[in-house]
Structure formats: C-alpha cells, structure tokens
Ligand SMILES: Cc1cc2nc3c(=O)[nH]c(=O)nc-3n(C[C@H](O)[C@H](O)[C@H](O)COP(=O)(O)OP(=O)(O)OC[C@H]3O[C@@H](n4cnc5c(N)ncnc54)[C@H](O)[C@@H]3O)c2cc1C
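Let's start with one chain on its own, the form predicted on its own, as structure tokens.
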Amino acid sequence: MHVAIVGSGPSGLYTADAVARLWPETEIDIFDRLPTPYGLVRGGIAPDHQSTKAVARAFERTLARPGTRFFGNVEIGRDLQYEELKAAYDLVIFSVGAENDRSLGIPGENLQGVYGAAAFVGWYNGHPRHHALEPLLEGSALAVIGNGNVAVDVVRVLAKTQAELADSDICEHAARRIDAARLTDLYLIGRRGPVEASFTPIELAELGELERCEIVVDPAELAVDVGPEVPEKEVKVRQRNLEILRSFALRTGEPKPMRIHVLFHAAPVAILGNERVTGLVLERTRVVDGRAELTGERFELPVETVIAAIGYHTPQIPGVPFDEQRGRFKNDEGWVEPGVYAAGWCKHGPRGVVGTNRTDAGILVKRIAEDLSSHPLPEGKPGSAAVATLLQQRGVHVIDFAGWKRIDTAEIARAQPPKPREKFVTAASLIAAAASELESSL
C-alpha cells in the first residue's frame, strides 16, 4: 500500500506509526507545507515546556522508519493538488490541524494591538508564518481572552523573566521584545466560571510559581465544589482547579511588580480605540446549562493589547470537503470519501493534548482497516514516484528527513546554553540550513 499523510504534527505522526504497525510493508509519505516536521510540538507548545516537546524523539523514530519519507516544504493545494494525491496514493490521510484563529466577532477586533493566540504563539515560537508579527507590547496592561491552556501559556510566557526563560527555546526576537515590554497587569478572562474552565491543573499551578508576578483572584467567584452537572471523569480535574484558585486567592506577601488578574463570568463585547487598542469592554455573565448568558452589566479594562485564545479552525484545501460551520473537514468518524480520511483536529476540532492524538490515531486506523476489509482498494497506484516527478518538474525545493536533521543540528549549534536551540524562523533560512535537493529524498 502507498499511503500519503498530509501534516507532520502529532496526529499525523501517531497515525503514521499506527499504520506502520498494522501494515509493516506499507510505504508512507508524510507531507508538510513547512520545511520542518512536528507541527504544534515545534510551533505551538510553549517554549518553556521542554519536557512536553521531548515527544519529538519518538516522532523522529517514526520519520526514520524504512519505507517512510518526509516531504517538507510541500503544500497541498499549491505544489500538489488534492486530485493528484488521490491518483498517486491508495490512502490519503489529512492531519493538518486547525491553525487559523477564530475571530471574536465584536466591534474593534481589527484594531492594531489585537491578535489571535495561534499567531501570537507562532510569533514567539518562530513559526515562519508568524515570526514577523511584531505585536504591540508597549502598554502596561494586556488581556488574554480564553480559559484554556493556550491562554495560560501566553500569560505565563509574558510574565516570566529572561532568567526564567533561559532554558526555553523562545526565539531571540520575541525574547528581546518581551524583555523590553513594561507590562504590569495581565488579565486572563473567561466567559464562564472557574468550574467550566478548560485549563489543566498543572498549567494553572505554574502561574503561582512566577518570580515577579502575583495572582489576583476574587474568592467570591469560586464555587464551593464543582456541582452535579460535571461529568464524573472530569470532577477531579475541575475540583483541583478550584483548589489551586482558592490557594491563589488566599495568598499574602510583599507586592510584586506584575499581576495576573484571573477573571471569570466576563464576556468581551467591544474593543475600544481609534487606530489601536485603548480598552476592552466586558459584560458580566451567568452560566445556564453550561452556557454563558449576558446579564447587561458592563465594565471596562484599560488595556492596550488583546489576545484572543478562543479556538481555531482548519484551513481549507481546494477540493477537500469542508464543513464551514464547524471549521473542519467534512467527515464521518474520520472517513472523508473513498480512500481519504482525516485525523486529529481537522477531523474533530481543536481539543485534547499531544497524547490524545495517539489514542485517536489508533481508533482511526482501526476504522480504516475495517473499511478495507469490506471494500478492498484497487491496486497499481504509483505512490511517491509519481509525486516526486511532479514536484521536480515544478521546481519545488523539497526538504527530506536528512535535510530536517541538518536544520536540527544547525539550530542546536546556534544556541547559547542552557538554551536548547535557536530556531531559523523564515522558510528561506530553513531551506538554506537544510541544503537539500529533491533528488536526496528519492
């Protein structure tokens, strides 16, 4: 079998591993529009979470497997078309994630100083698409809208000192800009209450360990317990979140130069300003049947920067069936159309952590096996030989696995210890570091 996997993040590489385990003789080609693999592990996980990024070692073994090839710097819909993939491969599995920020849908969100979390995180992680963002951080107050782990990551990275970030892989351009910022107040804002917040206890607890930052929580916002509506499997996590928040609310001690204000039951309704942000209007909410309802009571925060961490949607690829309402590929438990499947966030939306993708990949590959047992594939598709010829004819500079390893080695060499690496942040610099020609991937 010839299998194409589009996207080399966690969902794609866990799927590749599951396919290889079930069908060891399968030839697997993994495509990514970036010159580098690993998706969110490289460009989305917080730079100070190096232990989480260590999963890349397992992914490296997947890419190094005999019969697996990496086609980096190849974008489907630009360099290769969807129909060409289907003609070349017995199976096509999309695992392109959900990299586009969802909009707030409120007045003022187009002002200077408003950013989506995917773009902002991509900026400090050196994503080629976002490295040149240059966010406005000159003011004293910044608001992050969202109560998930990404929102917590953003405020934590902004609140850390340079010493606390020394052993992270934050990009130099972002580290300099954050160091030069004069932020004193960071607002972490949730539409619903602390029980409904989706951050994990480990991420939340880290906010209490920051050297120069104190946490401000209104104890009146904290429920006594999680309540009967919470599913049993989530009770422990949500109860632990409440305990951590209570510990924050009870803290005393010397004031610190920076504060993180954790606000609940507050929905953004407008961003103030003429050309750039001067404030944020919020409306109090109450939670009814798990949803936030507006109460009509409004208040303002004098912030100069707003970051929306409210979710993401999958970018469309010409020809691939797309669900506009849900912001992901149309699929039935992963099945898109005969011979085509979706995995990870482009299948079910943005949820879960890195390890969740391993379980999802196993479920998807089991589904594929069941489909193949009842509807065997026609034989004779050429696989990588056909697409390699097309890419060569079109002058696409493909980065293979060996090219990625040269990038990896160069980035590590550029860093000043204890920093683990200094990333190349443009496609041109990555391609130059790879110094790989198409022929080397054949």
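These numbers were taken from a predicted model, which means no experiment stands behind them. Note that residue numbering begins at 1 and tracks the sequence as displayed.
What follows is about the form predicted together with the named molecule, which we do not show.
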Distance check, residue 188 to the named molecule in the predicted bound form, heavy atom within 4.5 Å: no
Is there a non-hydrogen atom of residue 312 within 4.5 angstroms of a non-hydrogen atom of the named molecule in the predicted bound form? yes
At the 4.5 Å heavy atom threshold, is residue 96 in contact with the named molecule in the predicted bound form? yes
Heavy atoms within 4.5 Å of the named molecule in the predicted bound form: does residue 44 have any? yes
Partner-contacting position among 171, 144, 150, 88 - heavy atom within 4.5 Å of the named molecule in the predicted bound form: 150
In the predicted bound form, the residue from 294, 250, 202, 353 that sits within 4.5 Å of the named molecule by heavy atoms: 353
Partner-facing stretch of 312 to 320, 364 to 372, 270 to 278, 173 to 181, counted where any non-hydrogen atom is within 4.5 angstroms of the named molecule in the predicted bound form: 312 to 320
Would all three of 10, 33 and 76 be in contact with the named molecule in the predicted bound form, where contact means some heavy atom lies within 4.5 Å? yes
In sequence order, the residues of 104 to 125 that place a heavy atom within 4.5 Å of the named molecule in the predicted bound form are 121
